[in-house]
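Take a look at this one chain, the form predicted alone, written out in structure tokens.
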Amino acid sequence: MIEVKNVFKSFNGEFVLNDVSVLFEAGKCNMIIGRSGSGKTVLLKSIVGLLEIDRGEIWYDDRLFSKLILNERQEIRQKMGMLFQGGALFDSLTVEQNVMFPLNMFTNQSYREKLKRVNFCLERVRIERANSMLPAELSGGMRKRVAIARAIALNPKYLFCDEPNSGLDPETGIVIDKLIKEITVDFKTTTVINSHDMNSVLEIGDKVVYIHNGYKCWEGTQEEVLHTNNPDLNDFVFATTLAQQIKKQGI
């Protein structure tokens, strides 16, 4: 569980997050949605500690993360998995070396133990026998799978995904969504997904939080998001869905 309480964040005197409070539950895909510039990326970066908040609190279970010093945060950070927007694989490293990277950084396991974990993670995302391949040899969907494998290498308690379907075709995006959902349920992770993809929201969004102009304007379930009376959210859903349909049809 991750809880954000009354969080404010500003840049050059202008607030980008205004009194945002939200509870992200374990074993669920918690979606943060909103237009570009709405504050959703700032919220995600604040939760993981890449940005320091001005006021408020960020809790990881029973620990007040936002008040911990750097060394104290390290223990919680080792329980985090990150799936970056572009995958962020190391181009000069093989698939196996990419997935093993966090194990080399944060564990004292033997090579055999690390390789066993790497192979488990690759099997979990269904790309066995790709260990020796380089990222340049992979399709976009395969690169995202490798990035997911790396994100779960340390068996994280908290999983953060920034636009996981960015740059993927709709069919591949559905596959990635289902993988994230399976991992979330199977490992009972607290998964937080920053997205503008309404297909993802309707496919795997157990909880949906809508950020607009720095405020949390709405939260609810994937079923409720299509039947809300919030005009800003309705406009966002309609515009996003229409854009995705146009892209899919190649208009």
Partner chain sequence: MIEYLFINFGKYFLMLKRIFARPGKFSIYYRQTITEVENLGINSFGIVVIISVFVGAVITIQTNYNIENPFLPKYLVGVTVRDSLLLEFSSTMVALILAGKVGSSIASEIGMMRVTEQIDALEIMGVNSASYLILPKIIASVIFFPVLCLISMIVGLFGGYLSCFLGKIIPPSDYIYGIQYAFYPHYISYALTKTVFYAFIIVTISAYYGYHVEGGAIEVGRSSTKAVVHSSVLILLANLILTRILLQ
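What you see is a predicted model, and the numbers here were worked out from it, not measured in a lab. Numbering follows the first chain given and starts at 1.
Below, we refer to the form predicted in complex with its partner chain, which is not included among the displayed structures.
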item: Segment assignment from 184-192, 66-74, 27-35, 210-218: heavy atom within 4.5 Å of its partner chain in the predicted bound form; value: 66-74
item: Non-hydrogen atom within 4.5 Å of its partner chain in the predicted bound form for each of Asp91, Asn104 and Thr107; value: yes
item: Non-hydrogen atom contact Met82 with its partner chain in the predicted bound form at 4.5 angstroms; value: yes
item: Contact test in the predicted bound form: Gln78 vs its partner chain, heavy atoms, 4.5 Å; value: yes
item: 4.5 Å heavy atom contact, Arg150 to its partner chain in the predicted bound form; value: yes
item: Val48 within 4.5 Å of its partner chain in the predicted bound form, heavy atoms; value: yes
